[in-house]
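First, one chain by itself in structure tokens, the form predicted alone.
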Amino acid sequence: MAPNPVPDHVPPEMVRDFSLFTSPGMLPTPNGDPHAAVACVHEGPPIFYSPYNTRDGQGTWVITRAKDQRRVLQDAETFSSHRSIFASALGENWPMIPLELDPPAHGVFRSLLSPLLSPKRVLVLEPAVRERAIALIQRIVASGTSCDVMKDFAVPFTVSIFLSFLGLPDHRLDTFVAWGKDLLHGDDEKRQVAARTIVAFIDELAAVRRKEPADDFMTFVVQAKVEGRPLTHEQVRGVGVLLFVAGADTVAAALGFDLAYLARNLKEQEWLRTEPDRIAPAAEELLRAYPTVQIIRVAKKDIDFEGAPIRKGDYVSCATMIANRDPTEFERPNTIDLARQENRHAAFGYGPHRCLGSHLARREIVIGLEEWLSRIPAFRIKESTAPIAHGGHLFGIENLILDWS
């Protein structure tokens, strides 16, 4: 897709040939490192304009400094999160809730949903999460001394947790994985078909739970009230779709990047295996080094931001993988230090929209690493194979074949 013309209000000297989709290192590349590739932006200005920096070819302002990203993400009065990312694939305009709501509605819905993903609630879920990780790893160990870690572990592990959250059985897992892959990484036609399928599924599940309540997330949503009123059909859909999108790929990708790093760094792998209490802080450093999400806001009014003439309607990119390599924020940002202290990374965003599921995501990653390291001996990337990493709206890795023979 050709990029859109650069708007007239953007000074030519502020335009830079950079894209999270097409710049060197962003396209699917064997043994690629898209996170290291984006670090090059820190050699340039703190803010610039990219003519092509979204899936649909839109240009965005790119904020490179972590402190400036925090300023944007904290300022919901100026920068809106309502983009209808999912609904736009259907030619529609409704928000994923609460992600794409602005205050004050955002706070109301976030308060409603926060208890479902609070640290206390995640503690209750943790035994089931660990049980799922153990079962998958035991199956892998029983079948040999190598595996495709994304297909055999990371994706089924994280998606099965999402399914149990919805109260659905694991036999639907492959179907959900296929929908998520088409939605997030397919071409426009696949994305549209997947979006329609997911909406129909969420609508059907909501209808079932209204008639047959259960102890699950969707029953909570259809029975919930906001300001004394039940959620509308569209609001239920917006919440359900967000849960699907959030649970489909992000944590699995993070686990994949983590295991790829450890497969290439055997001393650190063994250090974590022999000192498992180090895994939680190490996971924070790996979240800093390998975040997966580009956050985009839309300017609600004209503003001069650090010398950039941002105009109403402009897209503003706060890419987590750029903030996390900011040399003014992190000492030696391109060095992965699993013992790094005071790790103020941006993997889960910042401000009122900071990831609602961050507590669960953290525990999934830590538990996944704990159980993998305790059950799988020293592992490497299998000879004559190469993992394929890519950039884009959501960074990812595939074809990660690990071997411990």
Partner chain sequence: MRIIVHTAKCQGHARCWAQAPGIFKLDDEGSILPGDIEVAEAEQLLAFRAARSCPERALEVDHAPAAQVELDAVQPTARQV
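These numbers were taken from a predicted model, which means no experiment stands behind them. Numbering follows the first chain given and starts at 1.
What comes next is about the form predicted in complex with the partner chain, which is not displayed.
Contact with the partner chain, judged by heavy atoms within 4.5 Å in the model of the complex, is confined among 28-36, 43-51, 351-359, 368-376 to 351-359. 115 is the sole member of 127, 144, 169, 115 with a non-hydrogen atom lying within 4.5 angstroms of the partner chain in the model of the complex. Checking 104, 307, 119, 91 against the partner chain in the model of the complex, a heavy atom within 4.5 Å turns up for just one residue: 119. Although the partner is absent here, residue 312 lies well away from the partner chain in the model of the complex, with no heavy atom inside 4.5 Å. Under a 4.5 angstroms non-hydrogen atom cutoff, the partner chain in the model of the complex has residue 268 among its neighbouring residues. The partner chain in the model of the complex comes within 4.5 Å of no heavy atom belonging to residue 204. In the model of the complex, the partner chain lies within 4.5 Å of some heavy atom of residue 74.
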